[in-house]
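What follows is a single chain, given as structure tokens, in the form predicted alone.
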Amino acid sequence: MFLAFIDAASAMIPPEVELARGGLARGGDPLGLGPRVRSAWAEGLDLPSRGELLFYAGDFYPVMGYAELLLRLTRSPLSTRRLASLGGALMKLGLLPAALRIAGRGANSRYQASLRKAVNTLIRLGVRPAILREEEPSFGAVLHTYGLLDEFSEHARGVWERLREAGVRTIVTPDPVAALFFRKHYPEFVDGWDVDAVTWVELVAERVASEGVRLGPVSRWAMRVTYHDPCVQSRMMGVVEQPRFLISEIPGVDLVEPTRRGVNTGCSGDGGLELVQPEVARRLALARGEELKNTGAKLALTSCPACLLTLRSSGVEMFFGDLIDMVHDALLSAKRGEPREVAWAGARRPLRLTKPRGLSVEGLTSTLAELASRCVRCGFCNPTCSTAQVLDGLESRSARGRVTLIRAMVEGRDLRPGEVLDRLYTCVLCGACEMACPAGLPVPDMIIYGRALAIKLGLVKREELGVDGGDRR
């Protein structure tokens, strides 16, 4: 019976996920835009294609403007399911990527410009990385996030081989999600993984301090600003002080903090939620955007392309910008001074690996059963749950509610597929619950493995996908 479920797994994947999966298979990215579009940002850069240090653009920055266009379409009367079904048909005909390339080119240019500025900043600081251009592989976020773990495992091994061919030992990336994947999830799924990863913010802050660089004033950035901490960068990797160091080094910039900051940051509604539950994602982005606006700042900066996507699409009347752009401009008028020794508190936080005992139904069930047994139902995680906060505090949409459902699933209880989808696919994977858990449960990993098991058991079906998922009880 289990083998039958595994063979039928592809028929159980939600259409929104199937669309992104198809884009990755056809074009190498979730939107299927292809390597020429993804590498357009690197045109004219005179950098090697091999080297121990690789600048990695990632899955999001090169195409995020096109994703903004799609996210705006989810506000139409059409449900995400219908949009995904239509997009899937257009993807098979090769028409969706072509339409996106035409309609989203303008919005995408600013993300491409940020990538170029990120590389030029490194060069000005004496770091000359390699870039893979059209050969840069996707890190496979769409496969892992939505529970397609067999495919992710195979994909990750292929990425490792490509990086080894290019002689890569360390990756520097402006995308904190990519950094987290290479530092945590690749070692979980690739035996022998030996490539390190560092975020752009970490490396630039270290170089500015160690080289004695004094960032210069920039008139257009001389204002009150606030900073949004991306969940994966701050909470999971401990990168909190470095972006604030860089902002505080720029003369004329007045940094004011939101109520939720650092490891206690508020979620902006990405983490994959924007694809399968856009209404819930929009509520999170609106709440976070208003919180940032209430600081009185004119500009909210961040260091994550996915956060920029959701915040810019939130409808909040505020300018949301990339920290890369500010630092790049301030470096143009920088001066040299004395080197500074700076010890970042919590820097290079060790990441706990949670390797499943196998990707079969039996392996996932065994892993989840052991983890779920450690939950004492104390409820400390519930007040921290981002999605529960914007969904009236529902227990079913809380971290504890999801762990309870996973426990029921591995125990073989009867579950409605719509219930499984509604709970597991409204999680934003922000990790706040894990920090609050006295038992130290890796709840985001449990959600991922739970999604994988639900697909294999046929509990996530196309016909059960709700309309935007935001109002069901």
Partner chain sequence: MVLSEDASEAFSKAIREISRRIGGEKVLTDPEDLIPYSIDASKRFEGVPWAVVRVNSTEDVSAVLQVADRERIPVIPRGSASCLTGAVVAKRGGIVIDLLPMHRVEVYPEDLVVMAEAGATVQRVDEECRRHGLMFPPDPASSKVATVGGALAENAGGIRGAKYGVMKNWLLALEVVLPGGRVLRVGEPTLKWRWGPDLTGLFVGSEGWLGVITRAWFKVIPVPERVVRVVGVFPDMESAGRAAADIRASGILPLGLEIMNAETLRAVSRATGIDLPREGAMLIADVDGPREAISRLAKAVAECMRRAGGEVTLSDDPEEMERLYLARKMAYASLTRLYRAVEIEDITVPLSRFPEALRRIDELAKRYGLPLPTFGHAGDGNVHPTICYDPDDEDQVERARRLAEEICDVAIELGGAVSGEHGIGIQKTGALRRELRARGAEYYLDLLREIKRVLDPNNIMNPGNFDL
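Numbering follows the first chain given and starts at 1. From a predicted model like this one, the values you see are computed outputs, not experimental measurements.
Form predicted together with the partner chain: not shown, discussed below.
Asks: Is residue 52 near the partner chain? Define near as a heavy atom within 4.5 Å, in the predicted complex.
Replies: Residue 52 lies outside the contact set for the partner chain.
Asks: Though only this chain appears here, would residue 407 touch the partner chain in the predicted complex if you measure heavy atom gaps against 4.5 Å?
Replies: Answer yes; at least one heavy atom of residue 407 falls within 4.5 Å of the partner chain in the predicted complex.
Asks: So, residue 334 and the partner chain: in the predicted complex, are they within 4.5 Å at any heavy atom pair?
Replies: No, residue 334 is distant from the partner.
Asks: Residue 438 near the partner chain in the predicted complex, any heavy atom under 4.5 Å?
Replies: Answer yes; at least one heavy atom of residue 438 falls within 4.5 Å of the partner chain in the predicted complex.
Asks: Under a 4.5 angstroms heavy atom criterion, identify the one residue in 190, 218, 391, 125 near the partner chain in the predicted complex.
Replies: Checked against the cut-off, the match is 391.
Asks: Given that the partner chain is left out here, which of 401, 262, 258, 321 has a heavy atom within 4.5 Å of it in the predicted complex?
Replies: When the partner chain is considered in the predicted complex, the option within 4.5 Å is 401.
Asks: Let me test this: is every residue among 286, 296 and 317 within 4.5 Å of the partner chain in the predicted complex, going by heavy atom positions?
Replies: No residue of the spot touches the partner chain in the predicted complex.
Asks: For the chain seen here without its partner, which of 128-136, 372-380, 262-270, 297-305 has a heavy atom within 4.5 Å of the partner chain in the predicted complex?
Replies: The contacting stretch is 372-380.
Asks: Go through 412-442 residue by residue and record those having a heavy atom within 4.5 Å of the partner chain in the predicted complex; state none if no residue qualifies.
Replies: In sequence order, 413, 415, 416, 419, 420, 423, 436, 437, 438, 439, 440 come within 4.5 Å of the partner.
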